[in-house]
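Given next, in structure tokens, is a single chain: the form predicted alone.
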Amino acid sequence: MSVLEYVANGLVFSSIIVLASIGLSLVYSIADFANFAHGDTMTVGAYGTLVTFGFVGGLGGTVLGLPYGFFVALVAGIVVAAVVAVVTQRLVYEPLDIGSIGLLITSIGVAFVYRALVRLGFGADPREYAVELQRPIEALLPYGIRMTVHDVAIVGSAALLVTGLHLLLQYTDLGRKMRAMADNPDLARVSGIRTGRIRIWTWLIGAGLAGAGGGFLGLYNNVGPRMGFDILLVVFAAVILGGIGSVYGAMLGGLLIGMIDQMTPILGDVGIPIGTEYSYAIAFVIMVAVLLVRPNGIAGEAGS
């Protein structure tokens, strides 16, 4: 494989990690605990997309090799993930007065419940979206890049969602209130901001982005009960590297961790005997190295 193809693969994988990392960082900045159920929220979104696509898969024409129905199903998956997360927040997390560590441990239990329910409903076998497989884009082959239009759809859709979130945070009243609450919840409350409503919106947006990441992860690989759990530590690494609680740091951290993971095979190409099975370990080593220099992460001091 050429270096450009490794970069292209890294860009696709990073797009998924970025969406998941932003969602995790958003929830942390408002709820003030590390939500270990976030990976399984991605799984919920992927299965929501899968089920809906079964009903609307033949809808309309195609965009980048994907039927219109896929994008409708993806929106449904986003909604399902967001609703499940908000219901969990209202019924499980909100009534508990046990501090950040207690909520973190509770979220591990919630993750197990999500995964068990998915397995009960759909079984343990991996599934695929019923979309036509695509050949690599002919125009990119001379450059050594084997990238399909589905990969382009993942990168383009993720870029649109990230841009939309940026506009929301910077140019809307809701975004300004979310940033104010993330910076200082008590000051936001005495300033008249309805913090309960902002907290619900944050859960909706954060879990919705996780649902989108899960939908694209299912398109990139397969849909399975452990799909979100298997990349959860990578997502955490991206959030920590970027700066815990920083949305823009999570974007940068997700991009870097995803690229490092997919470019690990280069080491084998230059004679360093480290296989792709160690890609997660390498990403974590680099994360630790960066944290030794910048303990708050790349964008930790700036905040979101």
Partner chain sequence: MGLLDGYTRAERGVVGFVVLLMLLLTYGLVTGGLGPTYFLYLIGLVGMYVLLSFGLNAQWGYTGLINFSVAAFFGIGAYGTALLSADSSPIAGDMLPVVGLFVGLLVAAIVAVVIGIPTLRLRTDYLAIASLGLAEVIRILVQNQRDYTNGSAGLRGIPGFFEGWPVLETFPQAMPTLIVERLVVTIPFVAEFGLFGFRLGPGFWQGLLNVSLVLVFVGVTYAMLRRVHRSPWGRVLRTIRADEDLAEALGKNTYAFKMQSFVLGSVIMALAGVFYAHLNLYVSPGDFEPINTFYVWIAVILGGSGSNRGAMFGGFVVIAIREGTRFLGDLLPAAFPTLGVPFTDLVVSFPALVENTYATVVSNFASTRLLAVGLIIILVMRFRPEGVLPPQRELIWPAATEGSDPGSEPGARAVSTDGSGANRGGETNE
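What you see is a predicted model, and the numbers here were worked out from it, not measured in a lab. C-alpha atoms forming the largest set that superposes within 1.5 Å between two forms make up the rigid core. Numbering follows the first chain given and starts at 1.
A second form of this protein, the form predicted in complex with the partner chain, is not displayed here; the remarks below concern that form.
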Item checked: Triplet 71, 166 and 248 all within 4.5 Å of the partner chain in the model of the complex via a heavy atom -> no
Check: Do residue 287 and the partner chain come within 4.5 Å of each other in the model of the complex, heavy atoms counted?
Finding: yes
Notebook entry, point to check: Does residue 190 reach the partner chain in the model of the complex if we count a contact as any heavy atom within 4.5 Å?
Noted result: no
Margin query: Residue-level question: is residue 144 within 4.5 Å of the partner chain in the model of the complex, judged on heavy atoms?
Written below: no
Margin query: With a cut-off of 4.5 Å between heavy atoms, is residue 196 one of the residues that contacts the partner chain in the model of the complex?
Written below: no
Next item on the list: Within 4.5 Å of the partner chain in the model of the complex, counting heavy atoms only, one of 62-70, 234-242, 262-270, 45-53 shows up; tell me which.
Entry: 234-242
Check: Among the candidate residues 130, 87, 137, 116, which is the single one with a non-hydrogen atom no more than 4.5 Å from the partner chain in the model of the complex?
Finding: 116
Check: Considering the partner chain in the model of the complex, which of 221, 106, 157, 148 comes within 4.5 Å of it through any heavy atom?
Finding: 106
Check: Does anything in 93-107 come within 4.5 Å of the partner chain in the model of the complex by heavy atoms, and if so which residues, in order?
Finding: 95, 96, 98, 101, 102, 104, 105, 106
Next item on the list: Determine whether the C-alpha of residue 290 shifts by 2 Å or more between the shown form and the other one once the rigid core is superposed.
Entry: yes
